[in-house]
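One chain comes next, on its own, written out as structure tokens in the form predicted on its own.
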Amino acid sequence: MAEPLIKLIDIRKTYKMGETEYQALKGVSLTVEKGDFLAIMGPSGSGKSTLMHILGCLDSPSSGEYFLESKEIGKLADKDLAKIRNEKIGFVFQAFNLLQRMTVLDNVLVPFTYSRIPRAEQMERANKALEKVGLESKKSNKTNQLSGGQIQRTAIARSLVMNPAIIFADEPTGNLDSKTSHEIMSILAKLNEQGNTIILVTHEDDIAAYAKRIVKLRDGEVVSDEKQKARTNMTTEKKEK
């Protein structure tokens, strides 16, 4: 049987604030298979953002083991972690994190900055990613000429160009209205159908309903881990912003 894409064993994370210690994660064990679409949910302070940061190699656990593609992440040097973040992981954030004075195409090309991939292949990948999110006609526009949904589509395209093992989406619809939120989630669901592994952090039930599996955290511990039938045609229950 193939090894899981991700395997967490007794992951703990403690933050020290002066003489006070705060346990954000209290022994999380989890596996994620290739092609999964996982939503991580929980109230504020449950540890979901801390877990996302550890999974995305943006932070390290205080103890426990994290294996990504059978490689133990905790033993890697910072430069190796940076390489994994660039080559194995795609990020989509609530705040978009795009460069406003650059065109859509140039933003999508950013992950290639330190890559040795030939320029022609970079352009081919970027254009293909923009086609996947329906933005090929906007590639010469600057991001300040786009709607919020188009900006998030640009961020999704940027997350795809390195052909990552996993796409992490951290509250990707948090700054969007209902209609646009569901358009973005439909894109992520379609990418998952095409084979991309997606890990989503959200506090909204209607957004988590696009996932195939929901892991719920409370007080730094997993309290449930359930598979579900992912829904793709959703009613827009989220309040307009």
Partner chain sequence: MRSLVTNKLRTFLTILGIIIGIMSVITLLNVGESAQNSITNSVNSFGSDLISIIPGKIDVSSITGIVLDKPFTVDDVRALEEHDALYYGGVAAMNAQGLMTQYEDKTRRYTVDGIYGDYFTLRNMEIAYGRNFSNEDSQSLARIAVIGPKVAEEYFGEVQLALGKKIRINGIPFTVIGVQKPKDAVPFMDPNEIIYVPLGTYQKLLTGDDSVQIIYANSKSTDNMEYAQREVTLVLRRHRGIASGEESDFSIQTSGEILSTINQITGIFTLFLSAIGGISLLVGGIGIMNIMFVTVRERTREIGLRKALGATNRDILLQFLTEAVVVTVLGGIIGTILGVLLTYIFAAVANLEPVISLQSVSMAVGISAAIGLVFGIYPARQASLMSPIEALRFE
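Positions refer to the first chain, counted from 1. Source: prediction; values computed, not measured.
There is another form of the same protein, the form predicted together with the partner chain; it is not shown, and what comes next is about it.
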item: Glu72, Glu131, Glu121, Asp78 - the one with a heavy atom within 4.5 Å of the partner chain in the predicted complex; value: Asp78
item: Contact residue in the predicted complex, chosen from Asn144, Asn163, Ser140, Asn97 - any heavy atom within 4.5 Å of the partner chain; value: Asn97
item: Triplet Ile9, Thr14 and Tyr22 all within 4.5 Å of the partner chain in the predicted complex via a heavy atom; value: no
item: Partner-proximal stretch of 50-58, 193-201, 174-182, 31-39 relative to the partner chain in the predicted complex, 4.5 angstroms, heavy atom; value: 50-58
item: Exercise: Arg85 in contact with the partner chain in the predicted complex, heavy atom 4.5 Å; value: yes
item: Ile117, heavy atom within 4.5 angstroms of the partner chain in the predicted complex; value: no
item: In the predicted complex, Arg158 touching the partner chain (heavy atom, 4.5 Å); value: yes
item: Residues from 101-121 in contact with the partner chain (non-hydrogen atom within 4.5 Å) in the predicted complex; value: Arg101, Met102, Val110, Pro111, Tyr114
